[in-house]
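Starting off, we have a lone chain in the form predicted alone, written out as structure tokens.
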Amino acid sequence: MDGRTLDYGSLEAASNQFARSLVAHGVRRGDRVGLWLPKCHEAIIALYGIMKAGAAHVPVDPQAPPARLAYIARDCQIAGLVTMSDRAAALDEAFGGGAPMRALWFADARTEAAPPRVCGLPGVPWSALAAESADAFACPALADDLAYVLYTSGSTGEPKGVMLSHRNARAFTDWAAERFALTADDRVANHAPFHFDLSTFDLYSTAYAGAALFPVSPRIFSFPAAVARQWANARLSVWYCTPSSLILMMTRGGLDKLDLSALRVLLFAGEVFPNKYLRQLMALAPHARFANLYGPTETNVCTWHELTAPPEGDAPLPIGRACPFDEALVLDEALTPVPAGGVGELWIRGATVMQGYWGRPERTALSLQTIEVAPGLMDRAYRTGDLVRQRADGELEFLGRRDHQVKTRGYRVELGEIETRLAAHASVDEAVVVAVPDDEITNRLKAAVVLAAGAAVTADALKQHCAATLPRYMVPETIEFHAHLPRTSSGKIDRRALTDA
């Protein structure tokens, strides 16, 4: 990364040293340690060192404001924090003298000069780790101990921490490494930030196989052309990222002009991938394996669908069938199984299902429930909030979010169906539809559209395009054109920002 390399032997030694430094400063099994720093080798060393110490890592968006980090630190009662020296003053102000942790480690402090202090807490320069033993460290953690906490946006406006164990993570990462035949010869792209659950594949499936990991430098993360060139020039063989990131590489990054002959596995997740772009991408790498992975943060990946040919038409890809470590249940409101072909809500039980939300037992009880999963068999399952239909071949079709179904003019509307229709237009790169509350008709439909480079189309023409296949009440009343859509730190479209606009 940025010209630096780190071999597995060095990672093992450095993470052992960091684990010993954590323990020396009072970090114990079950504690939480935060990471608030850009993607770098030190961050990867810290991830492993924290887990070796028996603690759980809490990665925070490196671009998040200090106030958000302070909220998460207090909410999760972190025992320590790994960050950069230039963030100390902002942290000191954000915590206002009341930081919960016992020490901070500064990943860029490599001199013997006194490291900065936050709220009077001791600061440990990274260079101090050299004094610790690099010998193997006896990790006290067990398989069901907490491995990491990922904070996601909450409906109340406050982030909520998803608690995941070592067993939760390894059920997916070990399977994925084997299913997609990762070997020590692979060169794996890492696009997702470490606070986004897609990164678990990048970090741990890669390590499982002894493959080489190529994290995207923070300097080029937001420049799709630079990312595409780096991956092609480095001849990376395995890619895993969101569809929108891949679409930008095609539409803005010149992916069609690059040599993708080294690519053998391309995985995508997190969003619906419009078929017109998926067909283009598969044509650029016809020799590669393509798979659609599905799962919320609370389950990591729990279903998968591998493509055998480019998709036809505009119907979204299926999310496939449950991975072997999980079971997918399609249930109605009475928690009764829905027959094949019927629409129901997807529930997931199995090895990857989270432990719960940190410090939120009421929210946990709503999402994790003990239900009858087979006649006479009770088990804990996670309610995804996603509506699905099981096809005759057993594969699941994703139909949209329960919370993306809205009422307008007395009709129940699935916003994803309108988005699929808009995205099918040749001039449209991206499309999102949101509901704007209205006293007269409950909700008015508003679309936000990004046009393809050089394309020109009017809002009226797009409405006519929708009206050709959708009923009148599903045609957006307003269509706005954007140069780009607002995104969250994980790269997904920020619907809340569009709704509030």
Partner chain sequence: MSTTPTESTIRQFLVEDVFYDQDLKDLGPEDSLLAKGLLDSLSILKTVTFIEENFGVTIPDEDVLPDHFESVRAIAALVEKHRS
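Numbering follows the first chain given and starts at 1. Computed from a prediction, not measured in an experiment: that's the story for all the values here.
What follows is about the form predicted in complex with its partner chain, which we do not show.
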Quick one: is Arg444 in contact with its partner chain in the predicted bound form, heavy atoms, 4.5 Å cut-off? yes
Close approach of Asp86 to its partner chain in the predicted bound form, 4.5 Å, heavy atom: yes
Just checking whether Ser222 would be counted as a contact of its partner chain in the predicted bound form - the rule being heavy atoms within 4.5 angstroms. yes
Evaluate Thr251 for contact with its partner chain in the predicted bound form, applying a 4.5 angstroms cut-off between non-hydrogen atoms, and reply yes or no. yes
Testing 23-31, 428-436, 470-478, 46-54 against its partner chain in the predicted bound form with a 4.5 Å heavy atom criterion leaves exactly one stretch, namely 470-478
Does its partner chain, in the predicted bound form, lie within 4.5 angstroms of each residue among Ala103, Arg187 and Glu306, using heavy atoms as the measure? no
Selected contact from Ala234, Ala181, Ala90, Ala226, since only one has a non-hydrogen atom within 4.5 angstroms of its partner chain in the predicted bound form: Ala226
Interface check vs its partner chain in the predicted bound form: of Arg402, Arg74, Arg117, Arg409, the one with a heavy atom inside 4.5 Å is Arg409
Taking only heavy atoms into account, state which residues of 417-438 are within 4.5 Å of its partner chain in the predicted bound form, ordered by sequence. none
Closer or farther in the predicted bound form, the Cα atoms of Gln280 and Thr458, when the shift from this form is 3 Å or more: farther
